[in-house]
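Starting off, we have a lone chain in the form predicted alone, written out as structure tokens.
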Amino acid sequence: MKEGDMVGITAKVSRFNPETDKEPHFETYTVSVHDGARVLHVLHAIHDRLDPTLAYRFCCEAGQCGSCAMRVNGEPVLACMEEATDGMTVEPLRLPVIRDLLVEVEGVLARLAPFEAGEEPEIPSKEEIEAIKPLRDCIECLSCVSECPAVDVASFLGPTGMRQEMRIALDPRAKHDRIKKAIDEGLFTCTTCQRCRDVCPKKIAIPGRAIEKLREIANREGLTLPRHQAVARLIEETGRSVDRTKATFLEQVPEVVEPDGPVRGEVGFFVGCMYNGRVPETALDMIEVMKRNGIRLIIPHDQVCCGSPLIRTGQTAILPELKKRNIEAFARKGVTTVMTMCAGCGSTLKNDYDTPFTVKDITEVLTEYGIEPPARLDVRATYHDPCHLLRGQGISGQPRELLKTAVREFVEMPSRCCGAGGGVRSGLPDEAAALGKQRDDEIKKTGADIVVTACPFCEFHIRENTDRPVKHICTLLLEGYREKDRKRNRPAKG
């Protein structure tokens, strides 16, 4: 095919006329467009040649105005930048629909904080300008708002609004009294799930660059939520973010755990607060899986909280000390690879630390070494993607690969935050529960017997909001091994 050749593109387009339709419906169109055409070109062809009533927005056609944001095959994109594919589905953003692909944006944009100069404005320094620049890249397409789970269940201005608040807070020319307003607009309702960053056409890391930084300012002004302050005090006093209510994992295991057979590999194990104190049974299940697969574990007993709860809630004063203690704990043991089971710990060690060792999630370790196949359990399972694993570490295939070896049937469900992250579960439990209920709704749609995940916070939180059993992938693998052993030892019939 030569450049400029025409190709046929068939597209399913969402249509909705409030005067005649009770709800949106799809209509299918086929048009000829130039090879390499964008989604917007297909919409133009449909409008110009087949149906002039099709309503959609566009302006610059160069990815700079944000007006043509819509969902293509379920993901928010700019129609002028996304290449059209045959069989694609085109829908509006998840915002109130005015007509067809037009959504209501004026209400959100009208709530964005205006820039107001102070009485004696200062000229920004070079450093301040560099800090502001990424936040000024926003084209206000509202893709992030349309995908934000917190917006669904709380009165939250949304990622775009928080980005604007931080942009103003950084500018010495502006009035700086923004934090109380940001809190009123829902600053602490963000679960830091990173979905906004993933769908942003400019890839603005709003949770890290705006939400968490605004929370740091709130902390300096004494406005951190009381429950978050209590967690910070607990970490400072004990090195852990959860109370000790029973024998901890570290109290039950030695610093070196040898495999049952030949040593195939060695990793350090970063336990995390939840697996150490709240659900140590799951970590003990992991040990059995690792022993069976020939992997030696080095478990320094002087490791402490990674600091993730402090980073997410803006309480970073003692973070350098936590980092130093954890890095030294593993460095003293000569560990070159540190393994995590907790998605939040793994994301923090990978993205917020500068370590002399490699950090890997347990699903990475197990798939890289390869595991003994377990028996397939007679269950239908679905998988919940922890936000800090999927978006924080880019891991989605490995847990599914492992899960599929251990169950009769695997069924997907949409990746969505369960509500446990960002300090929301501790600080705003009602919002967290509402997001947990949404997860339960999706779980029930799958018809799954069990829910599998790879994060203790998700495991704990989803369990409180569903009647289905919730298990870590390691627990499921261990059950598969035990079933395999049971069948192997079963007396032969006859």
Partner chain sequence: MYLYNARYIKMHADVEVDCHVLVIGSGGAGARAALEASQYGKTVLVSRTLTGKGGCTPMAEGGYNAVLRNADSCPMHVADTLRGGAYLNDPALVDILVRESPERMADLIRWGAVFDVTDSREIAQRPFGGQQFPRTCYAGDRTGHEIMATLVEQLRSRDIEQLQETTVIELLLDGGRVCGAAMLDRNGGLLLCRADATVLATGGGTRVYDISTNCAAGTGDGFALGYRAGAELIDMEMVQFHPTGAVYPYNARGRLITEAVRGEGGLLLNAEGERFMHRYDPERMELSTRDVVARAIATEILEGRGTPHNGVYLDVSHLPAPTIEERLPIMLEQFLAFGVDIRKEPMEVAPTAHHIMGGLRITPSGQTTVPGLFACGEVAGGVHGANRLGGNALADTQVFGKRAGESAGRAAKQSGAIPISAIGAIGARLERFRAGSVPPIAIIETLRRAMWDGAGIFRTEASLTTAGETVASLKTRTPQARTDRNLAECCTVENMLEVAGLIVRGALLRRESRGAHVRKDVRTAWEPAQSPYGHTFQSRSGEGIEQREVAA
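Positions refer to the first chain, counted from 1. Since this is a predicted model, take the numbers as computed values, not measurements.
Note that the form predicted together with the partner chain isn't included here; everything after this is about it.
Against the partner chain in the model of the complex, the set L50, E61 and G118 is in full contact: each member has a heavy atom within 4.5 Å. The partner is absent here, but in the model of the complex a heavy atom of D137, alone among E368, D137, E251, D260, sits within 4.5 Å of the partner chain.
Listed residues G239, G208, G294, P124 were compared with the partner chain in the model of the complex; P124 is the one with a heavy atom within 4.5 Å.
Contact annotation: E130 falls within 4.5 Å of the partner chain in the model of the complex, judged by heavy atom distances. Though the partner is left out of this view, A381 does not reach within 4.5 Å of the partner chain in the model of the complex, counting heavy atoms only. The partner chain is not shown here, but in the model of the complex it comes within 4.5 Å of a heavy atom of C80. For the chain shown alone, K444 is not a contact residue for the partner chain in the model of the complex, no non-hydrogen atom being within 4.5 angstroms. This chain is displayed without the partner chain, yet in the model of the complex the stretch 159-167 from 282-290, 317-325, 189-197, 159-167 comes within 4.5 Å of it by heavy atoms.
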